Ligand SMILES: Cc1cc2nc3c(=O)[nH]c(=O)nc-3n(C[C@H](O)[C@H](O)[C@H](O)COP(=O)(O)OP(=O)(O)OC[C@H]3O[C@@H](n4cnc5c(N)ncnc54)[C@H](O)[C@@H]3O)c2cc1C
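First, one chain by itself: the form predicted on its own, in structure tokens.
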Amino acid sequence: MSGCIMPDTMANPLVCDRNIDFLLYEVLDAPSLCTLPTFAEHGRETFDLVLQNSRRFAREVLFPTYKPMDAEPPQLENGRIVLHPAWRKIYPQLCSLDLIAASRPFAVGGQQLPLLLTTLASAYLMAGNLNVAGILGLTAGAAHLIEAFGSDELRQEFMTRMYRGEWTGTMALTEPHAGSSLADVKTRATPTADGHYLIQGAKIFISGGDHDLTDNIVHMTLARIDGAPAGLKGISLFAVPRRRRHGDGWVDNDVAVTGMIHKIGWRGAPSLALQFGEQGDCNGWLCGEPGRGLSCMFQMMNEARLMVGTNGVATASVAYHQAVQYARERPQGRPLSSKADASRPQVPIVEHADVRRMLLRQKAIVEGGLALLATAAKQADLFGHAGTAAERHRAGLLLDLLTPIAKSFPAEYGFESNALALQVHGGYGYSSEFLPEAWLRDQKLNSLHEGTTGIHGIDLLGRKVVAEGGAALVILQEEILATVARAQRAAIFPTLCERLAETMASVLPLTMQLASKGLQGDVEGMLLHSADYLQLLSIVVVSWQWLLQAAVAAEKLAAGTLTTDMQTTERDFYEGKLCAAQYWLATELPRVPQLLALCQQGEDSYARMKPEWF
């Protein structure tokens, strides 16, 4: 492979440290959260330490294990899952980072850190090896369910061990016959005189559902208590461990692995089919009120959606930074102005305009998506901990609006970004010797799990933007107009600023028009173009994020405070922000009118299409 930059010689920044610091300290003012009582014991020193530890662990420990785990997936042996040997070395170190419960209260063993910080710290882990980071996120979400809805006994028995990492956790929702239709869950829960329930049923696509890493796994399981009504209102939530206490010891809890899903990506972490109660002896404990299982589970589902969005950004980010490094070091061809002169040396491919086009689009997607996730995380912090009820309510509405976008945008646009990273590598990218093809495989799952993109389009248009008479959209418009005013004061992109304000203004009447269809009983007509609505609002939201970053960059450049020793690198950083913002606003915002017209006009080709016509 003469002339090729082999992957083990390439630097791998995973996620740009300067960009993380920019978002935390210059754009979102993370230290201001420490004025809230919950976070009062922390400050920038704490934040920097958490980030430093995550960066080091991701680069020095996690990243070297990614390719071996992808090449040697888990194995099903004698009914149990055996992970790659690297897991057993990594996992104790992962637990020592104390990130599982980092955002939880001191009272339950947490550190009371802002979700804004822990989200960005976890992005490093996901970029380093998303298989390992996924187990951490699922365990945190499952333990939080028990913390929020479980009895004192469940918290003592399960939650404490899970937050310490001694046990792991899963979410067991999907069933083979039902897929995403949770109203069709059939897993049964039969009450016993001893206070627990006998669980019987099948679940599928359970990430981390079995392994040889810890002594126990707690499955947060949706099931229907005997006699419960059909539909969503009949579903309850249960904690179902792989092993349960029996006297002074522990015994198997009749949870069996019935198959392993052979995925094209995320190959280092097991995804399984499980059978509960095959022998009639699977014990589960009710978590929350009977019939309120889905309401409880939405807590973990929404957390998982932001986690999936962060995964999407991280997976696009690591590929983007690898593509930048490759483009800087891979010599090929000559400038168009001197192409005929073969005596001149070849230039790195980053000198070619089309390669810069691909890299700039990746940058716009990656850094725009990361800003979106960071903004959603800050709103979650404010929703939970702001000083007044009005502030918490406002943050909650904006968070609800942003969640389906923060889950779907990084998955859909991230897949495009990963494909561009492969393209930058050329023919070498289409080989397993280089990593872009693996990250492309990984990325695809993010548009599928925790609700497909289509489901999130329906959720956004059918629920989130019409809640409380469209209050969340009004808040979003206020935020966007404030950013437009800030950018105008910084004297950047006057035409693009005006276009963003006008585009956001056009979303409001469109939403009212579609909502009125729903109120008149035409729900199918309202939601016919929900996928297009999700895309157009995603473009608007990410445009807002980019304009905000550009305004901050312009302010820094105009302030004249850059010292001589930092002037070149800092100026390059801020100029790069301005260029990427211009690119996104100039190339993506013009797509919105076409999508808006499709929604307004109700173009009905696929509604009219009959199954037998395919």
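Remember, predicted model here, so these are calculated numbers, not experimental data. Sequential numbering from 1, following the sequence displayed.
Quick note: we don't show the form predicted together with the ligand, though the next part is all about it.
Inset, instruction - Report whether the minimum heavy atom distance between Ile458 and the ligand in the predicted bound form is within 4.5 Å. - result: Contact check for Ile458: yes, within 4.5 Å of the ligand in the predicted bound form.
Legend entry - Contact label in the predicted bound form: Thr174 to the ligand, heavy atom within 4.5 Å: Yes.
Inset, instruction - Classify Gln112 as contacting or not contacting the ligand in the predicted bound form by the rule of any non-hydrogen atom within 4.5 angstroms, answering yes or no. - result: The answer is no: Gln112 has no heavy atom within 4.5 Å of the ligand.
Legend entry - Ala485: touches the ligand in the predicted bound form, heavy atom cutoff 4.5 angstroms: Heavy-atom contact with the ligand at 4.5 Å: absent for Ala485.
Inset, instruction - Could you work out which of Ala472, Leu445, Leu536, Ile480 is the residue within 4.5 angstroms of the ligand in the predicted bound form, going by heavy atoms? - result: Of the candidates Ala472, Leu445, Leu536, Ile480, Leu445 is the one lying within 4.5 Å of the ligand in the predicted bound form.
Inset, instruction - Could you spot which one of Thr192, Ser96, Gln75, Ser180 gets a heavy atom to within 4.5 Å of the ligand in the predicted bound form? - result: When the ligand is considered in the predicted bound form, the option within 4.5 Å is Ser180.
Legend entry - Among 354-362, 155-163, 198-206, 104-112, the region lying within 4.5 Å of the ligand in the predicted bound form by heavy atom distance: So the stretch in question is 198-206.
Inset, instruction - Residue by residue through 255-289, tell me which have a non-hydrogen atom within 4.5 angstroms of the ligand in the predicted bound form. - result: Counting only heavy atoms within 4.5 Å of the ligand in the predicted bound form, the contacting residues of 255-289 are Lys263, Ser271.
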